[in-house]
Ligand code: FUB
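Here's a solo chain for you in structure tokens, the form predicted on its own.
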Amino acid sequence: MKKILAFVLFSSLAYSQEAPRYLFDELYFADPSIHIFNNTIYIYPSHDIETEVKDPTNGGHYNMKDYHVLSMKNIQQEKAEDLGIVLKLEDIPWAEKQLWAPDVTEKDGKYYLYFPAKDKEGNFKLGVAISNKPEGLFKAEKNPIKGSYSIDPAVFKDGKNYYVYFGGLDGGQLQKYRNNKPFGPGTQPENNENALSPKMALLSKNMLEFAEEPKDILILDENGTPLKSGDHDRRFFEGVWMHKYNNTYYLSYSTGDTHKLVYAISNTPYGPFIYQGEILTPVVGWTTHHSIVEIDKKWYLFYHDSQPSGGKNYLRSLKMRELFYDENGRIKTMEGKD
């Protein structure tokens, strides 16, 4: 096992701070991935729509069909600007439905949009689309990433390396795989067994492939024991994000059925990671897919909830608020329902 941080941090209790704000009113967007390109804040979300799919089993009512890009000139801008559709489902040769949470990164002047979608056999794969501009348009590759599966890609640049983190349970199909191969029963481990882990892989130099077999990201408790499947308050469900603060790697994710946003830390991007505590208590709605970004020497949490739609889980709205660390690098817990 790789050497891990010798200290354990626990988040402080929730505390009062400036109220969050919604970033867009005209359409429903969720799962915001935030990046700064050319001194502009770009938001890469999924696009929630009213859908003819009424069965919520395995997230079927999250029936997204395109991706938009939003932008802000600065963090003080009250509302984000919608730059329009940058990729449509019908323009992705291998995909059949459900364009879920994406992410974008830049390398050598090109912009790479990583996204999940179900293929013609109903299996989630990860795809790539490329643009010469951060605002798109993006052109999808003809095939998904070889060996990819599940959902929620998040790309993290560390030095010259680019890593993709991914995975999601239930509708995200992560439980259908073990050791990167289909798992016959397609079930989650028993409550007393180790929880399923998010996955990660180094990306190839051309940014279109895995440069290695995807690896499990081990999340440990304060005693160095892997989190268990039945530990719903702490174990991974979906929506992984990676950021770095004071040379420490922060892995954050949604716990799913307990609706919490939590985090763990490591001194390497591969982990293992030590669980720390909550970033955000439950919001109105389902999971809290998010991103954490430094802008003008302050840190911000971007996420979503379903409050403007009256609690419809599949019609979510983008929010943001400032995020704070204490003197030991602990993220201060925020209240999800405001």
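Keep in mind that this is a model prediction, so the values were computed, not measured. Heads up: residue numbers just count along the shown sequence, starting at 1.
Here the subject shifts to the form predicted in complex with the named molecule, a form of this protein not shown in this document.
Though the named molecule is absent from this view, in the predicted bound form it lies within 4.5 Å of a heavy atom of just one residue from 200, 203, 264, 151, which is 151. 64 is the sole member of 43, 301, 64, 280 with a non-hydrogen atom within 4.5 Å of the named molecule in the predicted bound form. Contact here is defined as any heavy atom lying within 4.5 Å of the named molecule in the predicted bound form, and by that definition each of 101, 287 and 316 is a contact residue. Only one segment in the set 130 to 138, 80 to 88, 232 to 240, 207 to 215 has residues whose heavy atoms sit within 4.5 Å of the named molecule in the predicted bound form; it is 232 to 240. Of the heavy atoms in residue 31, some are within 4.5 Å of the named molecule in the predicted bound form.
The partner is not shown here, and in the predicted bound form the stretch 203 to 225 never reaches within 4.5 angstroms of the named molecule through any heavy atom.
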